[in-house]
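Below you'll find only one chain, the form predicted on its own, shown as structure tokens.
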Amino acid sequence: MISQFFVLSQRGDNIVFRDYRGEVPKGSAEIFFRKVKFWEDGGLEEAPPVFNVDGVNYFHVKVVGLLFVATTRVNTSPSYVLELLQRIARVIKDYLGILNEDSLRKNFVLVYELLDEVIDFGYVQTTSTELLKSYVFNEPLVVDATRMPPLGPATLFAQGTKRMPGIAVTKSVVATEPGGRKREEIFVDIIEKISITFSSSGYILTSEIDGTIQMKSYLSGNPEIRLALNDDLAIGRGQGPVYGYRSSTGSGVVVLDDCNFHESVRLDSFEVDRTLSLVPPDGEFPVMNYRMTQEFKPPFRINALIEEAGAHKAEVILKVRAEFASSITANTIKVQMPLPKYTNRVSFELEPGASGQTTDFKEANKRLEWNLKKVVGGCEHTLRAKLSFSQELHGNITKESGPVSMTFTIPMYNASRLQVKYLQIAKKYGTHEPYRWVRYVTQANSYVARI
């Protein structure tokens, strides 16, 4: 149960506000924004997703620069409320096509109608886009996608020989397109988040992949879809051959620890030929979630070294090597490394000819940051940093530094080798075939190297 729901811009402007129960003061949005903007509790840089102020619990998630917030005075499950906020954001995006401040302001009547159907007196009724179509009748005012900043997934997939159409991720599931014609297409995204911990000598200590197969359909008549995965896919540890075995297709065996499926998926032939059958509901939804701890090749190798260079000085050398093919490019790479607390100055030295790279020393929390706009597969990049200390070194400098962490996004790459072999649509269309888009993206969840 929640008392209030509101959406704030990055400036703190109240874009959407709905008070369901009247239990929380009206100024809660201002209190929340001030607390988040000037967060100083617990030594954290930014506010946690859940916190309490004067007996009011605040829950928030950040979606494309907007803050989706819920408040309540009762002791409710944080994971439940955070999941609810994500689903509300997804439903609004399904209806508006584009989720940003401009689209929310132009479609406030539709947004409030959705909120009243999703939540009644603080209790959730449904977050299904398909079910909501029976109760919500307002048409969205479509915002011009060409004026959007590249914040969303559109930029992640705009790479490779077959570029995604610009409106691929900005279409409403309910709006009527100009001219009355509807472009028949379906999108399947395989999104994987990697967690790896490297030892100081470069060995992999822990590794895990959390993946999801997302689908968004713009097919008329809701036809049945057949989605085929790897023939040699095995579910459950110990079900498949050992790592390194190569099948006749050359892709190797994929062993998932566990997985779950959307309620619309039928598994009649899954055990036989690894095919999923479903009638896709409206909106974006996860067809399958999976987890994998089987050994896999990490996309990046990180080497970090810190050495004393005098009584008040030290030198850091960071090397990042891309282990994937040269046809693939990683985007928005950020490398961070905590430094000793008595560090007062850092000078950086990038490799000759380096472009699209920036460095920074965050003095408030004594952290080195290295940003790379893109990294091509097979390339190695090096950063040298000279540290100056405010006092003489005492103890082991290695123990007071690190670990090195890394975030990145790699379009058209997946570490698990899980693949969509084919996407079959049961319904026959006239003179043209629907567009089928299958896209892969890998992101860092917790990518850490010890020093």
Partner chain sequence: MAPPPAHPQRSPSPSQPSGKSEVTDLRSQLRQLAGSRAPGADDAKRDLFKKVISNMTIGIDVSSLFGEMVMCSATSDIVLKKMCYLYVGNYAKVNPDLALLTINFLQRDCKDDDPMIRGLALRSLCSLRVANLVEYLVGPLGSGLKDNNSYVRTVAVIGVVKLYHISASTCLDADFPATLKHLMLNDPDTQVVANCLSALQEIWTLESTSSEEAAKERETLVSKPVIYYLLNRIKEFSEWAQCLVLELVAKYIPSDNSEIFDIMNLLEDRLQHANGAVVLATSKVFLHLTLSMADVHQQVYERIKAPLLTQVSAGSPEQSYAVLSHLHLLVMRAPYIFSSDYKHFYCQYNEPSYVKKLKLEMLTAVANESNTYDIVTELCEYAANVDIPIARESIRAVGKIALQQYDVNAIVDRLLQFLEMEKDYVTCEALVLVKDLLRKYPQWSQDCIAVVGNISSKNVQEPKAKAALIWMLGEYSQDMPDAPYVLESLVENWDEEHSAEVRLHLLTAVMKCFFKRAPETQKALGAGLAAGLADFHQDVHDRALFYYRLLQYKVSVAESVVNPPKQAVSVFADSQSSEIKDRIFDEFNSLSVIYQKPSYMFTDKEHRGTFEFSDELANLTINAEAGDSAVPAQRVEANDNDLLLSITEKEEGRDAASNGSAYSAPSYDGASATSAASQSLADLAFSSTSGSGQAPASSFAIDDLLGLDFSVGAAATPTPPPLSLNPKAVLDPGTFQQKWRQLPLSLSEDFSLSPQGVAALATSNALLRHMQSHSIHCIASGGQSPNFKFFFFAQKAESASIYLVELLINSSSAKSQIKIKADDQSTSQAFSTLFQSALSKFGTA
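Keep in mind the model is a prediction, meaning the values are calculated, not measured. If you superpose the two forms and keep the largest set of C-alpha atoms that fall within 1.5 Å, you have the rigid core. Positions refer to the first chain, counted from 1.
There is another form of the same protein, the form predicted in complex with its partner chain; it is not shown, and what comes next is about it.
At a distance threshold of 4.5 angstroms between non-hydrogen atoms, Glu113 is in contact with its partner chain in the model of the complex. With a 4.5 Å cutoff on heavy atoms, Lys62 counts as touching its partner chain in the model of the complex. In the model of the complex, Val124 approaches its partner chain with a heavy atom inside 4.5 Å. Interface residue remark: Glu263 is counted as part of the site for its partner chain in the model of the complex, having a heavy atom within 4.5 Å. Segments offered: 307 to 315, 373 to 381, 124 to 132, 344 to 352. Contacting its partner chain in the model of the complex at heavy atom distances within 4.5 Å is 124 to 132. Residue-level contacts in the model of the complex: of Ala234, Val109, Val279, Ala228, one residue has a heavy atom within 4.5 Å of its partner chain, and it is Val109.
Of the residues given (Val143, Leu219, Leu84, Ile190), Leu84 alone sits with a heavy atom within 4.5 Å of its partner chain in the model of the complex. Contact annotation for 61 to 94: residues with any non-hydrogen atom within 4.5 angstroms of its partner chain in the model of the complex are Val61, Lys62, Arg73, Val74, Asn75, Thr76, Ser77, Pro78, Ser79, Tyr80, Leu82, Glu83, Leu84, Gln86, Arg87, listed in sequence order. After superposition on the rigid core, the Cα atom of Phe108 is displaced by 2 Å or more between this form and the one not shown. Core-superposed comparison between this form and the one not shown: the CA of Val441 stays below a 2 Å shift. For Leu387, a C-alpha deviation below 2 angstroms is recorded between this form and the one not shown after rigid-core alignment. Panel note: the distance between the CA atoms of Ala444 and Phe51 is larger in the model of the complex than in this form, the difference being 3 Å or more.
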